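Take a look at this single chain in C-alpha coordinates; it is the form predicted alone.
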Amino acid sequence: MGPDISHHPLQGADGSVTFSSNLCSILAAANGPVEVQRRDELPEEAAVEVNIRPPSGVSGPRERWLESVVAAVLRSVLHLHMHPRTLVQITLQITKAPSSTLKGAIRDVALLPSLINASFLALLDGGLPLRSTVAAVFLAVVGMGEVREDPSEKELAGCKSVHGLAYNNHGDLLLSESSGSFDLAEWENIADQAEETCRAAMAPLDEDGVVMKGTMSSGPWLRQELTDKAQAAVAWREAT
(Lines give C-alpha, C1' and ligand atoms only; values in the text may rest on other atoms or scores of the structure.)
Protein backbone atom coordinates (compact mmCIF):
# COMPACT_ATOMS: atom_id res chain seq x y z
CA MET A 1 0.00 0.00 0.00
CA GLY A 2 1.18 3.49 -0.80
CA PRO A 3 0.83 6.71 1.22
CA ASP A 4 -2.47 8.48 1.83
CA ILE A 5 -2.67 11.56 -0.44
CA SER A 6 -5.32 14.27 -0.68
CA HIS A 7 -5.10 16.92 -3.41
CA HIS A 8 -5.75 20.65 -3.11
CA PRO A 9 -6.89 20.95 0.53
CA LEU A 10 -5.88 24.65 0.53
CA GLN A 11 -7.88 26.96 -1.73
CA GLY A 12 -5.47 29.88 -1.38
CA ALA A 13 -2.39 28.07 -2.73
CA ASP A 14 -1.49 27.38 -6.36
CA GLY A 15 -0.94 23.73 -5.42
CA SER A 16 -1.38 21.81 -2.18
CA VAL A 17 -1.55 18.25 -0.86
CA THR A 18 -1.73 16.33 2.37
CA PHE A 19 0.71 13.41 2.43
CA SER A 20 0.58 10.77 5.16
CA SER A 21 2.98 7.86 5.60
CA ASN A 22 3.40 5.42 8.46
CA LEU A 23 5.43 7.89 10.53
CA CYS A 24 4.65 11.37 9.20
CA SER A 25 1.89 13.59 7.90
CA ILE A 26 2.66 16.71 5.89
CA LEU A 27 0.48 19.54 4.62
CA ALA A 28 2.31 21.07 1.65
CA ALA A 29 1.54 24.27 -0.29
CA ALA A 30 3.30 25.51 -3.42
CA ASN A 31 3.08 28.98 -4.95
CA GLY A 32 4.83 30.29 -8.00
CA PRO A 33 6.14 31.88 -9.94
CA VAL A 34 5.57 34.91 -7.68
CA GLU A 35 7.36 38.20 -7.13
CA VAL A 36 10.70 37.89 -5.39
CA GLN A 37 12.54 40.34 -3.16
CA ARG A 38 15.37 42.06 -5.01
CA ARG A 39 18.00 40.64 -2.65
CA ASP A 40 16.91 37.10 -3.54
CA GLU A 41 16.40 37.71 -7.26
CA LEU A 42 18.37 35.50 -9.66
CA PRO A 43 18.95 36.87 -13.18
CA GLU A 44 18.73 33.58 -15.08
CA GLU A 45 16.36 31.38 -13.06
CA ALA A 46 13.71 31.33 -10.38
CA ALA A 47 14.68 31.23 -6.72
CA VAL A 48 13.38 28.39 -4.55
CA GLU A 49 12.26 29.01 -0.98
CA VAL A 50 11.23 26.20 1.38
CA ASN A 51 9.60 26.94 4.73
CA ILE A 52 9.07 24.10 7.21
CA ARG A 53 6.84 24.51 10.24
CA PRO A 54 7.08 22.00 13.12
CA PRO A 55 4.00 20.40 14.71
CA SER A 56 4.27 22.85 17.61
CA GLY A 57 6.43 25.78 18.56
CA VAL A 58 8.57 27.83 16.19
CA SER A 59 11.10 26.78 13.57
CA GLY A 60 14.72 26.43 14.61
CA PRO A 61 18.09 25.20 13.32
CA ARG A 62 16.64 21.70 12.76
CA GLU A 63 14.02 23.06 10.36
CA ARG A 64 16.61 25.27 8.63
CA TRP A 65 18.68 22.18 7.82
CA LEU A 66 15.65 20.27 6.56
CA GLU A 67 14.70 23.25 4.38
CA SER A 68 18.14 23.38 2.77
CA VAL A 69 18.09 19.65 1.95
CA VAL A 70 14.56 19.73 0.50
CA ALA A 71 15.31 22.89 -1.53
CA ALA A 72 18.39 21.28 -3.08
CA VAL A 73 16.31 18.31 -4.29
CA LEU A 74 13.53 20.53 -5.66
CA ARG A 75 15.99 22.69 -7.61
CA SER A 76 17.05 19.58 -9.51
CA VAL A 77 13.50 18.75 -10.68
CA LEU A 78 12.09 22.23 -11.44
CA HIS A 79 12.50 24.06 -14.77
CA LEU A 80 13.79 27.16 -13.01
CA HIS A 81 15.13 28.87 -16.15
CA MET A 82 11.59 29.26 -17.52
CA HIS A 83 10.77 31.96 -14.94
CA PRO A 84 13.87 34.04 -14.15
CA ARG A 85 13.70 36.79 -11.52
CA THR A 86 10.76 35.12 -9.76
CA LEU A 87 10.22 32.90 -6.72
CA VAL A 88 8.87 29.38 -6.23
CA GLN A 89 7.75 29.03 -2.63
CA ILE A 90 6.96 25.76 -0.83
CA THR A 91 5.52 25.72 2.68
CA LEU A 92 5.48 22.44 4.61
CA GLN A 93 3.46 22.08 7.81
CA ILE A 94 4.38 18.93 9.74
CA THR A 95 1.13 17.73 11.30
CA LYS A 96 2.47 14.38 12.52
CA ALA A 97 6.11 13.55 13.26
CA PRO A 98 8.05 10.59 14.69
CA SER A 99 8.07 10.43 18.49
CA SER A 100 10.34 12.86 20.32
CA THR A 101 11.71 9.89 22.26
CA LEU A 102 13.68 8.87 19.16
CA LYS A 103 17.13 10.31 18.55
CA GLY A 104 17.06 13.66 16.76
CA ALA A 105 19.07 12.43 13.79
CA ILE A 106 16.70 9.48 13.28
CA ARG A 107 13.66 11.77 13.36
CA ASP A 108 15.23 14.16 10.86
CA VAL A 109 16.07 11.41 8.37
CA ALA A 110 12.62 9.88 8.84
CA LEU A 111 10.96 13.20 7.95
CA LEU A 112 12.93 13.95 4.79
CA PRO A 113 11.31 11.45 2.36
CA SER A 114 7.80 12.57 3.32
CA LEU A 115 8.78 16.23 3.01
CA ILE A 116 10.21 15.65 -0.47
CA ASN A 117 7.27 13.56 -1.67
CA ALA A 118 4.78 16.12 -0.35
CA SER A 119 6.71 19.00 -1.95
CA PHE A 120 6.83 17.32 -5.34
CA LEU A 121 3.12 16.53 -5.28
CA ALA A 122 2.29 20.13 -4.30
CA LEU A 123 4.36 21.42 -7.22
CA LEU A 124 2.56 18.97 -9.49
CA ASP A 125 -0.83 20.07 -8.15
CA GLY A 126 0.10 23.69 -8.83
CA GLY A 127 1.10 23.00 -12.42
CA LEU A 128 4.68 24.24 -12.07
CA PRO A 129 7.05 23.14 -14.86
CA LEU A 130 9.01 20.02 -13.86
CA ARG A 131 11.93 18.46 -15.68
CA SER A 132 11.67 15.05 -13.98
CA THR A 133 9.70 12.98 -11.50
CA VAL A 134 11.11 12.26 -8.04
CA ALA A 135 10.20 9.68 -5.41
CA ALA A 136 11.72 9.34 -1.94
CA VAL A 137 11.76 6.40 0.45
CA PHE A 138 12.65 5.86 4.11
CA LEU A 139 14.44 2.62 5.03
CA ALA A 140 15.68 1.22 8.35
CA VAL A 141 17.98 -1.69 9.09
CA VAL A 142 16.30 -3.73 11.84
CA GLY A 143 16.78 -7.09 13.53
CA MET A 144 19.49 -9.23 11.91
CA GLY A 145 20.20 -6.82 9.09
CA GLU A 146 16.72 -6.81 7.54
CA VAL A 147 16.02 -3.65 5.52
CA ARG A 148 12.50 -2.42 6.28
CA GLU A 149 10.63 0.16 4.20
CA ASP A 150 8.60 2.76 6.13
CA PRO A 151 9.24 1.10 9.53
CA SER A 152 7.17 1.58 12.67
CA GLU A 153 8.36 3.65 15.63
CA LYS A 154 8.91 0.45 17.61
CA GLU A 155 11.26 -0.83 14.90
CA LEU A 156 13.06 2.51 14.81
CA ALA A 157 13.70 2.41 18.55
CA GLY A 158 15.98 -0.61 18.14
CA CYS A 159 17.22 -0.16 14.57
CA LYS A 160 20.85 -0.25 13.53
CA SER A 161 20.63 2.57 10.98
CA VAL A 162 18.11 4.66 9.04
CA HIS A 163 18.33 6.00 5.49
CA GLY A 164 16.40 8.54 3.45
CA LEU A 165 16.98 8.33 -0.31
CA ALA A 166 15.34 9.87 -3.37
CA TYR A 167 15.69 9.06 -7.08
CA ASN A 168 14.31 10.67 -10.19
CA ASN A 169 12.77 8.77 -13.10
CA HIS A 170 16.19 8.63 -14.81
CA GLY A 171 17.66 6.69 -11.89
CA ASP A 172 19.75 9.61 -10.58
CA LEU A 173 20.29 9.74 -6.82
CA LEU A 174 19.01 13.11 -5.55
CA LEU A 175 19.01 12.52 -1.79
CA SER A 176 21.12 10.37 0.49
CA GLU A 177 20.91 11.01 4.24
CA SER A 178 21.70 8.37 6.83
CA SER A 179 22.12 7.95 10.57
CA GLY A 180 23.51 5.01 12.52
CA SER A 181 26.12 2.33 12.03
CA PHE A 182 26.67 0.70 8.62
CA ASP A 183 29.48 -0.15 6.21
CA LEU A 184 29.85 0.47 2.48
CA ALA A 185 28.52 -2.95 1.47
CA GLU A 186 25.41 -2.46 3.62
CA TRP A 187 24.84 0.99 2.18
CA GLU A 188 25.11 -0.28 -1.40
CA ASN A 189 22.48 -2.92 -0.63
CA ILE A 190 20.26 -0.26 0.92
CA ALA A 191 20.73 2.05 -2.07
CA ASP A 192 19.81 -0.76 -4.49
CA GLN A 193 16.62 -1.52 -2.55
CA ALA A 194 15.74 2.17 -2.33
CA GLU A 195 16.19 2.61 -6.08
CA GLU A 196 13.95 -0.39 -6.78
CA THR A 197 11.30 0.99 -4.44
CA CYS A 198 11.41 4.45 -6.03
CA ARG A 199 11.31 2.99 -9.54
CA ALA A 200 8.31 0.90 -8.52
CA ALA A 201 6.53 4.02 -7.29
CA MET A 202 7.06 5.69 -10.67
CA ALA A 203 6.78 2.59 -12.87
CA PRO A 204 4.17 2.42 -15.64
CA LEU A 205 1.77 -0.51 -15.78
CA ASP A 206 1.30 -2.92 -18.66
CA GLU A 207 -2.07 -3.85 -20.14
CA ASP A 208 -2.73 -6.32 -17.32
CA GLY A 209 -2.00 -3.77 -14.59
CA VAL A 210 1.38 -5.25 -13.69
CA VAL A 211 4.36 -3.02 -12.91
CA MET A 212 6.71 -3.04 -15.90
CA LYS A 213 9.82 -1.98 -13.95
CA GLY A 214 10.92 -2.20 -10.34
CA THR A 215 9.25 -4.09 -7.54
CA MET A 216 5.78 -4.03 -6.03
CA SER A 217 6.88 -3.08 -2.50
CA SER A 218 4.53 -0.10 -2.24
CA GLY A 219 3.01 -0.33 -5.68
CA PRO A 220 3.13 2.40 -8.36
CA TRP A 221 1.47 4.99 -6.10
CA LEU A 222 3.24 7.98 -7.67
CA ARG A 223 2.53 6.78 -11.22
CA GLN A 224 -1.13 6.52 -10.28
CA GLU A 225 -1.10 10.08 -8.92
CA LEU A 226 0.48 11.37 -12.14
CA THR A 227 -2.06 9.46 -14.24
CA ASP A 228 -5.01 10.75 -12.23
CA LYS A 229 -3.71 14.32 -12.48
CA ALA A 230 -3.30 14.06 -16.26
CA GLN A 231 -6.76 12.56 -16.70
CA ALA A 232 -8.32 15.30 -14.58
CA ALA A 233 -6.59 17.97 -16.69
CA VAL A 234 -7.84 16.38 -19.92
CA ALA A 235 -11.38 16.15 -18.55
CA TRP A 236 -11.31 19.81 -17.50
CA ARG A 237 -10.03 20.93 -20.91
CA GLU A 238 -12.72 18.96 -22.75
CA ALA A 239 -15.42 20.38 -20.49
CA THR A 240 -14.43 24.03 -21.11
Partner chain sequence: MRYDRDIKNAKAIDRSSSRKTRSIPDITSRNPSPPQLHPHNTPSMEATMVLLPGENVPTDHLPKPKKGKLTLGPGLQHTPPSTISATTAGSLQVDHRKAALWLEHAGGRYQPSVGDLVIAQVHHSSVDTFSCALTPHTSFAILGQLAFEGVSKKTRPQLKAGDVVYARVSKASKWEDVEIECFNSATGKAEGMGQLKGGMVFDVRPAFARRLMMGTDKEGVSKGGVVVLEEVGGKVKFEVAVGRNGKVWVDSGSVRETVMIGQLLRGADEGGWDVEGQRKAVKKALRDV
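As the structure is a prediction and not an experimental result, all values here were calculated from the model. Residue numbers count along the first chain shown, from 1.
Same protein, other form: the form predicted in complex with the partner chain, not shown, and the subject of what follows.
Asker: Kindly confirm or deny that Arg62, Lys103 and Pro151 each have some heavy atom within 4.5 angstroms of the partner chain in the model of the complex.
Answerer: No, the whole trio is out of contact, none within 4.5 Å by any heavy atom.
Asker: Considering the partner chain in the model of the complex, which of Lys96, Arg85, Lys160, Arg75 comes within 4.5 Å of it through any heavy atom?
Answerer: Selected residue: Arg85.
Asker: So in the model of the complex, does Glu188 come within 4.5 Å of the partner chain, heavy atom to heavy atom?
Answerer: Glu188 lies outside the contact set for the partner chain.
Asker: Although the partner chain is absent from this view, report whether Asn22 comes within 4.5 Å of it in the model of the complex, heavy atoms only.
Answerer: No, no contact at 4.5 Å.
Asker: I'd like to check something about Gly143: if you look in the model of the complex, is any of its heavy atoms closer than or equal to 4.5 Å to a heavy atom of the partner chain?
Answerer: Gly143: no, not in contact with the partner chain in the model of the complex.
Asker: Is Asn169 part of the interface with the partner chain in the model of the complex - any heavy atom within 4.5 Å?
Answerer: Output for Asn169 is yes: heavy atoms within 4.5 Å of the partner chain.
Asker: In the model of the complex, which of the stretches 152 to 160, 128 to 136, 105 to 113, 67 to 75 has residues with heavy atoms within 4.5 Å of the partner chain?
Answerer: This holds for exactly one stretch, 128 to 136.
Asker: Let me know which residues along 4 to 34 have a heavy atom within 4.5 Å of the partner chain in the model of the complex, or say none if there are none.
Answerer: Residues within 4.5 Å: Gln11, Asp14, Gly32, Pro33, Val34.
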